[in-house]
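Here we start with a single chain on its own, the form predicted alone, put down as C-alpha cells.
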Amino acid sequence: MLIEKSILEAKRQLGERIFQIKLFSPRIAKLAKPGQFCNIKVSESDFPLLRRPFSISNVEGDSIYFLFDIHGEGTKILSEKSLGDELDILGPLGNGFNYDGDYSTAIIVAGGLGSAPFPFLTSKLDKKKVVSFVGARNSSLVLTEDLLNVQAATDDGSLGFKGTVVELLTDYVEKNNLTSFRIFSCGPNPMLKALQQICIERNYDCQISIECAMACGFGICQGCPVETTNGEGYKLVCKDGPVFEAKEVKL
C-alpha cells in the first residue's frame, strides 16, 4: 500500500454522467492486481474530507485507469479535473480476484458500473475463453469497453436480452452445457445476491466483488463489515475483500 502523487493524463466521458480517467502512477501500477481498488483524494481542501474508493479498471504500463459516475460532490469534483492536475491516491488496496486454476471458461458478470474492474482482469485471462455478461437499466448505461465476447441484458429491452443479467447468464450456461468455468462478478448488491443464490444452489465456482462505502480503505475504521456464512462473525470489505467467494458472505 502506497500514497502516490499521480498526474491526470487523460479523461473521457463515456456517458451522460460516466467518466474514465487515466493517472500516471508508476509505483501503484506496478503492484496492482485485478479486483483491487484505490482511495483517491479528490480535493486538497477540507471538503470533501474523506478519500473516495475506485476500482482499478485497467493498468497500462505506468498508468492506471479508473471508471466512475457522478453520484455526489466528490465524484463531481473529480469529473471536473483538468489534464495535468495532480491527485493524491492510496493503493493498491484490498484483495483481488483469484483467476489462477484449472478451468477453461472465465465468465464475467457485471451490473452497471460493476464492469469497472474487468478490463484489467480480462487482460490477465489470455489463456482462457472469456465471455462477458453486462447488465444495466437501459442501453445508455451498458459499459462494455475492453471486454470480450459481450452479451448484454437491459431491464427495458433497449439492448440485447430483456431482463436481468443473471437470467441471461443462467440461460447461457444451460444452453451451452458448460462445466469447467469460473464466474467473476461485480455490481449492485441485489444483482450479486441473485447471482450468489444461483451459484450456491448449483455449486458454481463464483467470486463476487462487493460495492460499499469504505472510509479508510484498509481496515482501521471498521466501517465496512460483511457477515460471514460460517457463523464466525464479520469480515471487512476493504481489507478482506472486496472480492469474496460467493458462498463466503451474506449479502
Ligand SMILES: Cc1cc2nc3c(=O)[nH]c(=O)nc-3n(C[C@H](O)[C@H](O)[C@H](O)COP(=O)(O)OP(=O)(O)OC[C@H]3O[C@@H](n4cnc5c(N)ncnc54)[C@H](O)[C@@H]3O)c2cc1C
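Only a predicted model underlies this, so the values are computations on that prediction, with no experimental measurement involved. Counting begins at 1, following the sequence as shown.
Just so you know, the form predicted together with this ligand exists too; it's not on screen, but the next bit is about it.
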Stretch in contact in the predicted bound form with this ligand, which is absent here, among 113-121, 150-158, 164-172, 79-87 (heavy atoms within 4.5 Å): 113-121
Check, residue by residue, if 95, 207 and 226 all come within 4.5 Å of this ligand in the predicted bound form, counting heavy atoms only. no
The one option of 214, 192, 183, 59 with any heavy atom within 4.5 Å of this ligand in the predicted bound form is 214
Any of the heavy atoms of residue 52 lying within 4.5 Å of this ligand in the predicted bound form? yes
How about residue 75: is it within 4.5 Å of this ligand in the predicted bound form, going by heavy atoms? yes
4.5 Å heavy atom contact, residue 137 to this ligand in the predicted bound form: no
Can residue 199 be called a contact residue for this ligand in the predicted bound form at 4.5 Å between heavy atoms? no
Enumerate the residues of 231-246 that have a non-hydrogen atom within 4.5 Å of this ligand in the predicted bound form, in sequence order, or give none. 242
